[in-house]
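Next up is one chain by itself, shown in structure tokens, the form predicted alone.
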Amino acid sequence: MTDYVYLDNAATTFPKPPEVIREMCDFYLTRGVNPGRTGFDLALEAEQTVLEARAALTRFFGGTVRDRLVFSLNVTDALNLLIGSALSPGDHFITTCLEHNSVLRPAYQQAGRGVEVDFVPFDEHGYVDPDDIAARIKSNTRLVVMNHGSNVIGTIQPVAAVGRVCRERGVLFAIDAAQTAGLVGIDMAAMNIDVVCFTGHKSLFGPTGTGGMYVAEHVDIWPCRSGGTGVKSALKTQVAEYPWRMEFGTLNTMGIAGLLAAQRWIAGRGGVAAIYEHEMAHARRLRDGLAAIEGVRLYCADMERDHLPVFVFNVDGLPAEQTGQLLDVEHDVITRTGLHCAPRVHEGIGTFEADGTVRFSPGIFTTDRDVERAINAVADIAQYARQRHARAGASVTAAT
């Protein structure tokens, strides 16, 4: 295997725990049939796996009713379903400038059909003020969706305070937990969250193509989609009961089996808090190492406040894409460059016109050696950029 440093865990955690891979293979080999569609033994075993995964994730998010845990393709799919179902023309929708395109594009789509949309900015440190959201709530505000943790600058938002404001004003409050689920504790009741949307392939350590949402018991939304559920097939409308109300067609049962195995694996590693501390220790070392390099510019990387093990940077004199290519080709350091599907974040930190930044996101399998290699790689690239700049200056001087 190539000796590389993988620092793109904010996109997808890699590698997956061996226990997750084994469970997925075992599921397809022994009970990989359609669950809940009939009563033969294999189908019942497949259904039991799905039910156990629902129960495990319900507990994970602080929910109380297993069937309110709904599976989808990923967090983007869940957010589209929620936003498309909760809003109607004439409603008011509040979100933030920290959002990923999984919220931004549905928001623009809703604006095109007559929904009023507000985008709340973040401050110079990368945080949204709950008072700014409170000030924008109106009589027709139907939904507030907020990124729990930024996939670009890594800031963890004060969702409990925002949720409290929404609860007091009778507004539905949902979080995009793509970056936080599995890394930061989420208790829906304590944090005043009505709907949590999550993905399986990041810090939940599951496979791609998995995700979903947990819908609190007091929430009543009717889906904008419909389809087969395997129950009450004679009905002409979507089944009203959860989870079938919000699930359509055959589930990714092998992926769900992997999510269940990952839940057990997370518990075996000491839980979310232990994983978070491990990853943050590496992120802080990376941040400190890069901060000491001449010509490296960091953005909103104050990790003494609520922060994920995710941060972005640029090397003076080099486009982010070129820095990423040099990291990959010359140093075998795998990362992510560009706008990270979150253009409003880059507008806020001043990197939009420069086509974005380089992102480092260590994971549970990152080692001390990986951190040192990455720091040294950036130092080498920064030195190359300085020397190139010096040569260009000398050429201009000679020409004049």
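All values reported here derive from a predicted model rather than from experimental measurement. Throughout, we count residues from 1 along the sequence that is shown.
In what follows, reference is made to the form predicted in complex with a small molecule, a form of this protein that is not presented.
- This chain lacks the partner; the member of P309, G212, G149, G126 within 4.5 angstroms of the small molecule in the predicted complex by a non-hydrogen atom is G149.
- This chain lacks the partner; the member of I94, C166, A178, A283 within 4.5 angstroms of the small molecule in the predicted complex by a non-hydrogen atom is A178.
- Heavy atoms within 4.5 Å of the small molecule in the predicted complex map, among the stretches 264-272, 226-234, 325-333, 97-105, onto 97-105 alone.
- In the predicted complex, the small molecule sits within 4.5 Å of a heavy atom belonging to H201.
- When contacts are judged by a 4.5 Å heavy atom cut-off, Q238 does not count as touching the small molecule in the predicted complex.
- For L259, no non-hydrogen atom is located within 4.5 Å of the small molecule in the predicted complex, even though that partner is not displayed.
- Using a 4.5 angstroms limit between non-hydrogen atoms, I381 is distant from the small molecule in the predicted complex.
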